[in-house]
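A lone chain, given as structure tokens: the form predicted on its own.
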């Protein structure tokens, strides 16, 4: 017999999760602070729970609200805690690794199983073959419920027994994404200041992309292996990078462009140079990120 599931929180992502469960044939209970969002799913077969405690009575409870703090406010009442006892919580709200560990410990103290999840997709990917959700917690729990997790996307990934690892990996991937997006703001500002069409920039960005990707792969490998000294495989020394980077700061000053991000990067360059790494591989800066 299929397990019953519930989804607490029905924003765009939570609604997509509920629809995916319904499409896969699971009896799906839903609850949202604004009842109209829950009612919108009844035509697809969802059962609207009258309270959080009623939603928590399902075998598997997926929590998809804004933050772990919001989740705590919903789940920590005695009535809800009693309903969750013996059930499985899958937490996909936004939180830090330590918050995930705290959530898991509270669940364990309550006799509730817990998996932490990080959704690496927009709502349109939920339930689709390429939909990726990272999970951390007990591997046995992940594997026992894999057939259910597959309803939410065809690419569920177990990333570690440490329950904080899904959140940590999510933030590391987002950190790289934000670095690229803020870099794009910088690039667009330069092009606009210099009268260069962004279509022309995009053409050359795509041509340059293999070089960037190769540099990222090399950097990941060097950080992993702690190969910070220059060697025969070094693509460019820190000194070479800094020579070009200094021109970016100069251009920001000449054109009145916002320089907060490059100045933060300059601080890391200077720390590495002051510590004697000018002729080392660019990867040497990794040592100054903590």
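Predicted, not measured: the structure shown is a model, and the values here were computed from it. Positions refer to the first chain, counted from 1.
Here the subject shifts to the form predicted together with a small molecule, a form of this protein not shown in this document.
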Heavy atom within 4.5 Å of the small molecule in the predicted bound form - the one residue of 133, 83, 74, 151 that qualifies: 74
Position in contact with the small molecule when the complex is considered in the predicted bound form, options 23, 12, 278, 270, heavy atoms within 4.5 Å: 12
Residue contact check: residue 123 to the small molecule in the predicted bound form, 4.5 Å heavy atom: yes
4.5 Å heavy atom contact, residue 42 to the small molecule in the predicted bound form: no
Contact label in the predicted bound form: residue 119 to the small molecule, heavy atom within 4.5 Å: yes
Residue contact check: residue 32 to the small molecule in the predicted bound form, 4.5 Å heavy atom: yes
Answer range among 233 to 241, 42 to 50, 60 to 68, 247 to 255 for contact with the small molecule, defined in the predicted bound form as heavy atoms within 4.5 Å: 60 to 68
